[in-house]
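Alright, two takes on the same chain below, each alone as structure tokens: structure 1 and structure 2.
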Structure 1
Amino acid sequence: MADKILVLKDVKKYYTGTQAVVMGLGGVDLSFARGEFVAITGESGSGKSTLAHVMGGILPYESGEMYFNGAPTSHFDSLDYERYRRDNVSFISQNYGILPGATVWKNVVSALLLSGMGRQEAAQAAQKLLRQVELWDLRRRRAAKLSSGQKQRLSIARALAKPAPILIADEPTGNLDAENSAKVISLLAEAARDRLVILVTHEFAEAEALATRRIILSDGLVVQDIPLRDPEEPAPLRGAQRKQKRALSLYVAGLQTGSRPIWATTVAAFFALTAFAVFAFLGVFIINLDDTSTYQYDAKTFPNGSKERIIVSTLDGSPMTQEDYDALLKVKHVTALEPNGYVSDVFYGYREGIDYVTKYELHISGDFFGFHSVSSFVSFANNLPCLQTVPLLPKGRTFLAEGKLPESFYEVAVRRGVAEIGDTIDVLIKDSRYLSDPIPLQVQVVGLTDYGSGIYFSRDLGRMFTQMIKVSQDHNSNPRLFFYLPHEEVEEGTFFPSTSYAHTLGDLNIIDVSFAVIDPGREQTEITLRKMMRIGDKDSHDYPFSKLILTSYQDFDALTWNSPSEQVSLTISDYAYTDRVIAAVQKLGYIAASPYRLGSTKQVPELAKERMQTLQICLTALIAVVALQILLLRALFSVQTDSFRILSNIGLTSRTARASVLWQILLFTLLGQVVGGLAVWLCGCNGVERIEQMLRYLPPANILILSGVHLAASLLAAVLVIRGMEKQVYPLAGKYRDLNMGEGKEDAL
């Protein structure tokens, strides 16, 4: 009896229905060995299927004992049965149990791989098996497209691929014609060379020539047990189920997706959609965490609160050198550098009535000369442009499109289209912090540029203002403007004949014009002066500024050129890059700040509320997408349950099944992120404003966060998909670990 693989002692099986208890087997004594090809026959309802199912571990029995390899099985719970089936039984039924979407080849190879074979070995064995069942020529056909006979032969090939010592075929020829039936029977007979083959049939005749034994059942009892011929000495069974290779999960993942192209496309599209949604909602959420935009800009500190401006100073206050400029221009997203950093906070207006309005007041003094004067008061509009001098641009970019660079104070370059070369523009300049009065300048367009916007003044003017502002900052004194004029144009004593004076101090011609009134009769003087500055209106001759030092070019140079500023202004391509540029500049060893941020001090409640709403909407939408992903994914993956069940019958362990789901979801997530990311990018390129903004604002590190969140949502969904699948396919999988049954076979879980 030791070599008996299955022994049944007085095995009874009852079916408990709603009304009555029906006897399936009424006390069966049988024993079987490998090498036998047993035909179980009998009338319909005699218990053939019941016996086959009990031996196959598909049905439990109520009393008696069934021994497998000498070990009793009556204490088996459903888990024990599952392992028994998985490791020891191949079951062939009328409905084939093949993967309909997969090819013939894959159906067989997967069974071999699941038994733990390597790829090459499996390919060889599959070829052998397919030739054996005469399906080699059809190996590339999908299983669903086979005829019934071919399907049944395929299911036999699959059953043979599994190295189980017991093969049970329950009416395998039920759907087949005589020719196909004969083929199936002979295949089963061959299978009996190394295993026990049980054939349930109501057509004994078809098996008569090959079966080694016939058992006849009637009313659940064995009525005859007829040996027909001696079974051959069984060949050793090909190695038992081996540990499944890790890569097998990837193979199963491919098998599951590959056999469902439409499903796979749907799932991929779904992942692309969720990736897109996560990217968009989370992206907008992240950029809205910066609440600067909800504050109103207060120009008191920095009149130029341009969003794209970054102020940079040296740590120790030492002046910047050309090397500093070069290093700063190399920082990513920096588009220009204004070497006269302070000048960026001096604003100007050039359209009377739009940028500024001038009001005049007549003063009649009571003195006996009957002296009267007209004062002008200028009020400026808000949001004036700030002074820009010709900036330094990164290598490879040129500032000038036409004409020449502004060289003197009276020359400017403008953006192409704003004015023509040779045009004259009247400008009023004012620094709201230090200059109490605006300074008029009449300037001429000498160059055109495609860079930026507004008017670009000469570097000299920038230097002059920088000097002036610095002096007033450092000494808290009145600002002094250093203008140069050629010596010969300054005529001492004749220039400002009434209350002004000019005198020479060393090489400096100093003209203090704070009290100057020009003689209206001296047209010539006025014209000379207008070259330098515009003087209000022709009726008004008050100089609206405080101190002016007129100096020669050489002196001007000496006073300003040798003291370049320790502070510059950078222009960046978008406010979005502020943090990144500041960080990069700080890393280079400078102080850096965004004046726009520093000056945005007063919160606007409506904007703040709007921002909160945007944050809430994004967060809600994000949670909804994640929840949707989890819920829908479970439903989407439920189509795999049947094939998982089929695969589990031929040995797919739940660990490999789990890993295969994980693989699928990971790969779909990756694919979805690529497609979804591409869609986001396309939206950004095609003017979807929020997305465009988001793409600029998100540094690469944050893009990783977006991917991470989408991946986390996918993994969460994967956990639930896996749980659902296990519940269906491996109902008690979690408890395997506690069991210790069989012959110490490696625990698959």
Structure 2
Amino acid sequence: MADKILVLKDVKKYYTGTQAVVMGLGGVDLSFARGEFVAITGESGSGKSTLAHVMGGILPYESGEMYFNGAPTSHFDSLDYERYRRDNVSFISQNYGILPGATVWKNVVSALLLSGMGRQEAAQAAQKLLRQVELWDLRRRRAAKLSSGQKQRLSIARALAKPAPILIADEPTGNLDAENSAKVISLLAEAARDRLVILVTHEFAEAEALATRRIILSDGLVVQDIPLRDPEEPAPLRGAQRKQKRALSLYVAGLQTGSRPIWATTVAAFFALTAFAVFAFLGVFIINLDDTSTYQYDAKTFPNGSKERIIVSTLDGSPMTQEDYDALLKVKHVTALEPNGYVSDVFYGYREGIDYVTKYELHISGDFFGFHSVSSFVSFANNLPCLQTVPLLPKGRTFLAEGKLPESFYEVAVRRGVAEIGDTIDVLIKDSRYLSDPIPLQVQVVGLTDYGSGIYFSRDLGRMFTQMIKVSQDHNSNPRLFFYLPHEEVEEGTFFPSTSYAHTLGDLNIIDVSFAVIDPGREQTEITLRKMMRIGDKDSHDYPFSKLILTSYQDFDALTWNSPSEQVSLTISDYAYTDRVIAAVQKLGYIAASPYRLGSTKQVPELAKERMQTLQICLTALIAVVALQILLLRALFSVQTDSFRILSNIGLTSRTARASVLWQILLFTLLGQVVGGLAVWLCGCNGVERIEQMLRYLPPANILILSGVHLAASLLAAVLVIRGMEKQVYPLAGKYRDLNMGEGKEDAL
């Protein structure tokens, strides 16, 4: 009895229907040894397949005992039967039981690798097996494209690859012609050299010449057990390896994916679509968490509320140096630096009719002399450009495209298209906080630039405004503007600054001249700039303008040399980078703030409501995408159930199966995020406003959040996929302890 691998004692099996109990096996007593080639025959319904399935651990039995290697199996649960089938039984069925999407080579090699064999050894063994079943020349063909006979031979090769001591073939020749049937029977007989081979067949004549034993069943009972010839002494069988390498899960993942190219493409596209949706909806949700856009800007503190402006000052209030400028210009997303930060809150107009409109009123007195007078005032637009001097740019960027940099108050550089070199432009400078009247200034274009927009003044203008603010704040006095003369020698009576405007009002020709009379006998002349209107030969009244201190350039330089600004203005490429730039500047040891945020103090209810609706829509859509991802992913992976069942029969453990599913989902998630991220980037590059804004707004940390949410949804889906797979293929994996296979061995003896 010690040589017997399988022993059945009074084994009974019943099938329970809705109205009756049908006997499948009625007390079977049989024993089998390795090296036997047993043919089980009988009429349809005689119990042949039932007996094969009981011996193979596919069906449990109700009474009696079946011993495997001397150990009882009557108290096996589902997990024990699963391990029994996995480790000890190879199946060949009428429907082949192969992986149709995998190649012939992969079908055989997979069985060898799952048995614990190394890759090199498995390759050598696979070659031998495929040559044995005459499929070596077709090794690269997908199994689905084989003929019926070739599929059955592949099924035998795959079964032989598994080092199981029992091989059960249930009607393996049912769909084959005589020639292929003979080849299959011959292969099974050869397999019996080192294992027990049980053949269930209707056509005993096919196996009569090679079978060592015939068992005839009728109505679930053994009616004949006929020895035909003595089996040969079985050769040693390579033992199955229980420990599988971790890398095997990657192999199984690749096998499952590679054997279904259309399915894999569909899943990859699905992951890319969900990644795109998660990135888009969650990205828009994150950027709308900043509610600054729902507030109305108040220009009291900072007249210039440009979103792209950041003001920076030193911690101790000391003036900025060139070293400070260089450090700030190295901050990412900073595109320019205005050294005299105050001028960014001063505005200017240079396009009459767009930036400002000059209006005139004619006054006619009713006295005897009929004195006429004309008064004028300037009305400015609400969206004036802010004053800008020649900026400092990051290293590697060039400001000037043509001409030269402005060297005095009266020279400017302009953006191409505004004017040409040599043109003169009449400018009105408006400072609503410190000056009651605009400053007229006539300037000449000396340089052109491709940077920014509008007009760029000399940095001396910034120095003048910085000194004006310091004098005003330090001495609590009215502001004084320090102008230097355009030439060193100025004759008495020179008009300064020299600006003029010619207009027509009815039949009257009007010339508006702003001027100052220079007294060259004094080093500095403090004057009141006045306006004078001329109508024909009659002079109008003079009106006070602004206080100026006129001096030479040397004196101007001496007066303003100690007026470097302790506050500068940075221009960033987009408001979206505000937080990142402020954080980087503060890390360098400076104080930084966004005027736009500081001035946005009053919330607009309509804008706040619109923002909340956007947040709700994005959150709802995000939840829907995640739920859809989980549900559809489980459905998509359900097609792998049959493959996992086949692989489990040839040695795939539940642990390796779980890991292979996880690897697949992780790889598809990564691929989907790459493709989805690329799609988001392309949408941003092609002008999709929301996506473009999102790409600029989100720092790397938030991008990781987007990827993390998509990954979390994928992992949750993976848990459900794995549970579904285990329920179908490994229903009780890990729930019960293994039985001691040695218990009851003495009962089998």
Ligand code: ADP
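Think of the rigid core as the biggest set of C-alphas that the two forms share within 1.5 Å after superposition. Throughout, residue numbering runs from 1 along the sequence of structure 1. Here the structure is a predicted model, which is why all the values come from computation and not from measurement.
Structure number of the form predicted in complex with this ligand: Pick structure 1 here.
Threshold 2 Å Cα movement between structure 1 and structure 2 at residue 396, rigid core reference: Residue 396 C-alpha, core-superposed: shift of 2 Å or more.
Core fit, then residue 270 C-alpha moves 2 Å or more between structure 1 and structure 2: Not so; residue 270 is displaced by less than 2 Å.
Cα displacement of residue 424 between structure 1 and structure 2 reaching 2 Å, rigid core superposed: Yes, its C-alpha moves 2 Å or more.
Cα shift between structure 1 and structure 2 at residue 218, which is computed once both forms share a superposed rigid core (Å): On core superposition, this C-alpha lies 3.1 Å from its counterpart.
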